[in-house]
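Okay, so here's just one chain, in structure tokens, the form predicted on its own.
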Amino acid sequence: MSDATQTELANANPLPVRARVWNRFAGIFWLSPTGAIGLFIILFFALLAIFSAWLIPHDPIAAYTDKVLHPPSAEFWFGTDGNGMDVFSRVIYGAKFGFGIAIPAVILSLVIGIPVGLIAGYRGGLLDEVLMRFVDGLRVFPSIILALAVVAATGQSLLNVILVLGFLDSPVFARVVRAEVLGLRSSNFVESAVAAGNPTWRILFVHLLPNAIQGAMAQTAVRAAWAVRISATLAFLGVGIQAPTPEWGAMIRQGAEYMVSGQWWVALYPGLALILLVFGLNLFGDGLQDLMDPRRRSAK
């Protein structure tokens, strides 16, 4: 059979769309199994967050005063806490706050960090030194202490937590983008864009950004895990989101005092949910780096 005949047969019987999608997904899974496992975990919690209103058997902030610290049972799968609230419903509803903090915080970090990295890397000189010393100052100072101070001063609201985390994490993306731009600013396509009379903003955001953003995007999942962990830490320390809001860190804080008296379920289940989500985000972030960096994948 000739090559032309084989080509005609292949075109006459193309793979269904579902098969092509499955083959693409299977290829990604084969290239990065850790990333695929992390993605499954993230999707699981995302579905919990989206459909929490239909999944929870009880109101997450309703207090059953006659069933305070009730152990896990058929009625309350994860038991109740010190206020008589259903732990199972609160753990599921808490996924909303996990994603509701991590995603906006990472987006804010990207919005702040990417332009800073582009400008510092392209301009260089004194402007680069000033911007990078400011970025280094934010990175050197312990982030949890700075977050504690700022949130305590500005107020314990969800918006303030997001703004603080997004601002504190922006230097990570600024550093990554700057490093990429330093290697690209002397490239032929950049010199051609300058010679063609393109304005600086167009060189930065049209020519450099698409080539310099790869490393930053590979960091998004890992930094989302950091945001989830720090927001839970703030709530645990009594500075972030407070009870009765069903936030995992606040739930762990409340349940910690009951561990010594044997009511382990109050802190255990939100703690497991927090660990699993952070673990999934880190796995997915590691998988993204494998997919975007062939040298790193081949070294494994």
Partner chain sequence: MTFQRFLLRRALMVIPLMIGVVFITFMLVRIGGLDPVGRLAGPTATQAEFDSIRNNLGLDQPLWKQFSIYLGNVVRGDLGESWLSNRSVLTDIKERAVISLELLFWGVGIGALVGVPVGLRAAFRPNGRFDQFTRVLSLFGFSIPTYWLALVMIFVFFYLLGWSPPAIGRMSLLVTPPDMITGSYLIDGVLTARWDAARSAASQLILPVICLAIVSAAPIIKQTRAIAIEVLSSDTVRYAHACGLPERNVRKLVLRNSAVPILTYIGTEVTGLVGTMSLIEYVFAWGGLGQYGLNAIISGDFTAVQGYVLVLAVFSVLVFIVIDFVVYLIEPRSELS
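This one's a predicted model, so the numbers in the text were calculated from it and none came from an experiment. Positions refer to the first chain, counted from 1.
Keep in mind that the form predicted together with the partner chain is missing from the display, and what follows is about it.
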Output flag, 36, 46 and 50 jointly within 4.5 Å of the partner chain in the predicted complex, heavy atom basis: no
Within a 4.5 Å heavy atom cut-off, is residue 195 in contact with the partner chain in the predicted complex? no
Hey, in the predicted complex, does residue 202 get a heavy atom within 4.5 angstroms of the partner chain? no
Verify the contact flag for residue 229: yes if a non-hydrogen atom of it lies within 4.5 Å of a non-hydrogen atom of the partner chain in the predicted complex, no if not. yes
Can any non-hydrogen atom of residue 274 be found within 4.5 angstroms of the partner chain in the predicted complex? yes
Which one, 173-181, 117-125, 186-194, 148-156, holds residues whose non-hydrogen atoms are within 4.5 Å of the partner chain in the predicted complex? 148-156
So the partner chain isn't shown here. In the predicted complex, which residue out of 56, 243, 267, 69 has a non-hydrogen atom within 4.5 Å of it? 267
Of the residues spanning 126-145, the ones with some heavy atom within 4.5 Å of the partner chain in the predicted complex are 134, 137, 139, 140, 141, 142, 144, 145
